[in-house]
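Below you'll find only one chain, the form predicted alone, shown as structure tokens.
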Amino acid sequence: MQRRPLAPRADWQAQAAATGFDYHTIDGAPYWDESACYQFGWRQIEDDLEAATEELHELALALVPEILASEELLTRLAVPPLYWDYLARSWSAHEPQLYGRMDLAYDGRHPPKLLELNYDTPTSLFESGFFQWNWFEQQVAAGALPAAADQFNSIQEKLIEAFESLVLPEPLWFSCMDDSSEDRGNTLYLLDCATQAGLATRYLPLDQLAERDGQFTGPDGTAIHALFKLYPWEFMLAEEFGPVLLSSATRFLEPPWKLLLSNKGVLPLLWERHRGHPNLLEAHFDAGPDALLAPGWVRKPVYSREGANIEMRNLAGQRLAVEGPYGQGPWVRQRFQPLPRFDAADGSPVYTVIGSWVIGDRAAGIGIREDSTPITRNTSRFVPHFIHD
């Protein structure tokens, strides 16, 4: 695993604009960054990343029925009791899931370590599945990458296959917070994949989702029987319309049971059941901040996103924290795992996290995020990759 400088394509901004990738720059700083790329060998992809992703996915899925059968575990994960049966019915009905992303610490030499699961509303999908493949094909054609190179990326192909296999009422509606260009871009990408799979699709800004007689509808009163929503399940349950979920016949992607796997409480549960697993980090439920006195831990709320409200003390005892809106509720404490560190062209440090995608229960590809600090946030840069031994 190496980080290599590479000349950006002269027209990449125009290409991004043409595809609706209008969040390639955030607050004047690059989010998409093709001034560098990461190189992997085939063994690193197939034996390390792909194999670990599928095994961790299976371990996570095995937790779901155990959690649903235990009031103690549901309470530890801060699932509102009103919705316990709702989640259980979703699982018992085998309501299908679509995708997920797990974040891994991996340096190319040691087994990848699971940092967290993003299994409800993962983003960076468009840039992982489409835009970095575009980059790859064009850089190979230009001779900037070896002709025999490849990329770990069957994301779009597997998304289309997954949509083809779904048994859901049509049209399948797609919804998100329309004022977020990132959420809208990822949602419309999924809508396009569903359309390519032959499904009838419609888009609906989430603030236009309505309710009538205990059922969800569009603003014109049209009944919504199937809805993909890029909006966290814990937010859905807390909304004023939350109780409507209990009476509504709407089928959701992701299904309600995915709330459990987007909860960072699965990290200590996985560790308790598979202590010493080479791809897991020691993790525990944490009742208070006193545990931070011991260096080498990361403290996270069970419900949080994009690096918000994370506090860490590295092995030297140095503290790093990010503020955010998720400070309420239970926390988990996870063993600190140093991220791979590289040097940018100007000599500044770069810390790297790998987002490994699961689609239809199969490993489908990776996207790489990097930051100048060890905490990956929504502004952390996305850098493409290729494979060549």
Partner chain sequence: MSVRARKRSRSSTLIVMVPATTLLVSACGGPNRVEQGVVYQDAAECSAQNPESSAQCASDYQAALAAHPALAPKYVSQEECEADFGGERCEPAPERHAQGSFYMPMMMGYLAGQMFRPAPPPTGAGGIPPLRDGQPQAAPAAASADRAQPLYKSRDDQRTFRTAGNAPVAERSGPVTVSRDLLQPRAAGLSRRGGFGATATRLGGALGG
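Residue numbers count along the first chain shown, from 1. Here the structure is a predicted model, which means the values were calculated and not measured.
Form predicted together with its partner chain: not shown, discussed below.
Its partner chain in the predicted complex comes within 4.5 Å of a heavy atom belonging to Glu50. The shortest heavy atom separation between Met177 and its partner chain in the predicted complex is within 4.5 Å. For the chain shown alone, His94 is not a contact residue for its partner chain in the predicted complex, no non-hydrogen atom being within 4.5 angstroms. In the predicted complex, Cys37 stays away from its partner chain, with no heavy atom inside 4.5 Å. Among the residues Glu272, Asp85, Glu71, Glu240, the one placing a heavy atom within 4.5 Å of its partner chain in the predicted complex is Glu240. Note on the partner interface in the predicted complex: the residue among Thr25, Gln13, Thr373, Asn378 having a heavy atom within 4.5 angstroms of its partner chain is Asn378. Within 4.5 Å of its partner chain in the predicted complex, a heavy atom is found for not a single one of Ala142, Glu311 and Phe386. From the list 146 to 154, 74 to 82, 273 to 281, 315 to 323, the contact stretch for its partner chain in the predicted complex under a 4.5 Å heavy atom rule is 146 to 154. Contacts of stretch 231 to 261 with its partner chain in the predicted complex, defined by any heavy atom lying within 4.5 Å, are made by Tyr231, Pro232, Phe235, Met236, Glu239, Glu240, Phe241, Gly242, Val244, Leu245, Ser247, Ala249, listed in sequence order.
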